[in-house]
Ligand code: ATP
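Below you will find one chain, with nothing else, as structure tokens; this is the form predicted on its own, and questions on how it binds or moves follow later.
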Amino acid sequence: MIIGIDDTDSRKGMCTTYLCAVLADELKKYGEVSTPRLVRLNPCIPFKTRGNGAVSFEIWVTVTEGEEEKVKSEVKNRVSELSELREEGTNPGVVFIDDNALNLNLKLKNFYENAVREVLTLEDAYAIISELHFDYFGLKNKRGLIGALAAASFLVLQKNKPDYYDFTYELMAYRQKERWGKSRFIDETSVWKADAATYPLTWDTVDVANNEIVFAPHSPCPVLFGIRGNSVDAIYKTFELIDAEPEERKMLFVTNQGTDFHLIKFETAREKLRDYHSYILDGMVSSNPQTIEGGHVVFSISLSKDEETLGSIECIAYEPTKGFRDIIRKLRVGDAITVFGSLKKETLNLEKIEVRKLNLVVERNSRCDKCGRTMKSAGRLQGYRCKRCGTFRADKDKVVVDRGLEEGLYEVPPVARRHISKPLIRMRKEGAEVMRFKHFVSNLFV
């Protein structure tokens, strides 16, 4: 039986992954429990709590009459007990998928993918649950059923085709309850040493450019820290090297973090860009970047595909992206770029860019051959003239300049990166293909 859970936390506390870790340990008395999945859903959803993550795991219940119902009852009780039910935006949902439903791939595939890329409603989840006859449980308005079904669907799909979706790992360490809400003790020197020992097999533990550790939250939730990476061995090595307060428990997750699965490739003018969706867009810089109030940097691009013009859109690099804005400020009209990001209020919030071709030629007013001074415009469409010598040029000079910017991929720093965004260390230049891993943990038990 596969169990999906979502929306048990709030901005003030709790974490759905912690509840999952508690259940994974407690349910071992009924049978083997799989490595859980942590699924990041559409990062643009306005009513999310923090990372918009849902969880799922599988349990192989010992064949004894009534045992599955005991498992379901214990899950429901723990969700009811640990969820932040007093908070308005917390609406837990749990979905149970029995083994005899595990071959229903297409509908679950579509639901999972839409939960990451589209904006789903609770009615969408109810429709699948009803059609496939899944058991479920929810509290308050039950909106968590969307994420619970998506996370359970992800696990079903991985069981059938382990390498169909790109995936990574995260090891979560959780605080002892008496320390919840208090300052975390993590020795930063040990974190930097651990990162140096395992990067790039682990990533987003520290932010070198901004001299910050970024793997520990600042909220009063149960999470002490999370170590992300491509290699389970490297993740555990990092854990052993870090000096921190004692953990209550830890749990390894298989996850869609760091995969860019939320991004939609925009193809033709027949499509319409929609708010709360994330895109990959090809285009040409059509207005030079400007820094606006708050330190944000904005510019526009003209969209194109195979020489077809598809309109234009404004892009923004927000202040929290720090040094990434310096790259954006170096863009100029005529640069061919690809932008990656999420759309809100018809503006693309940048996560990374690819500079495909720089415009190295700029036009400048000609200099006088006699005195060397810069010529001035003689009037609209009347060329340029030196007022001192009377020399004339019909057009501006075209000059090749050093832009101080190279073609290639650029990303926001780890301190500003979304959970689901793929760091460049995981990308290859050849078609931006994902580095594949040689092992899978479908048979790894906790």
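If you're wondering where the values come from, they're calculated on a predicted model, not measured in any experiment. In this text, residue numbers run from 1 along the sequence as written.
The form predicted in complex with adenosine-5'-triphosphate exists for this protein as well; it is not shown, and the discussion that follows is about that form.
This chain appears without its partner; in the predicted complex, the one residue of Leu331, Val339, Met251, Ala115 with a heavy atom within 4.5 Å of adenosine-5'-triphosphate is Ala115.
Proximity to adenosine-5'-triphosphate in the predicted complex, taken as heavy atoms within 4.5 Å, picks out 38-46 from the listed stretches 373-381, 65-73, 403-411, 38-46. The shortest heavy atom separation between Lys322 and adenosine-5'-triphosphate in the predicted complex exceeds 4.5 Å. In the predicted complex, adenosine-5'-triphosphate lies within 4.5 Å of some heavy atom of Arg143. Contact check for Ala244: every heavy atom lies farther than 4.5 Å from adenosine-5'-triphosphate in the predicted complex. adenosine-5'-triphosphate in the predicted complex comes within 4.5 Å of no heavy atom belonging to Leu273. In the predicted complex, the residues of 1-26 lying within 4.5 Å of adenosine-5'-triphosphate by at least one heavy atom are, in order, Asp6, Asp7, Asp9, Thr16.
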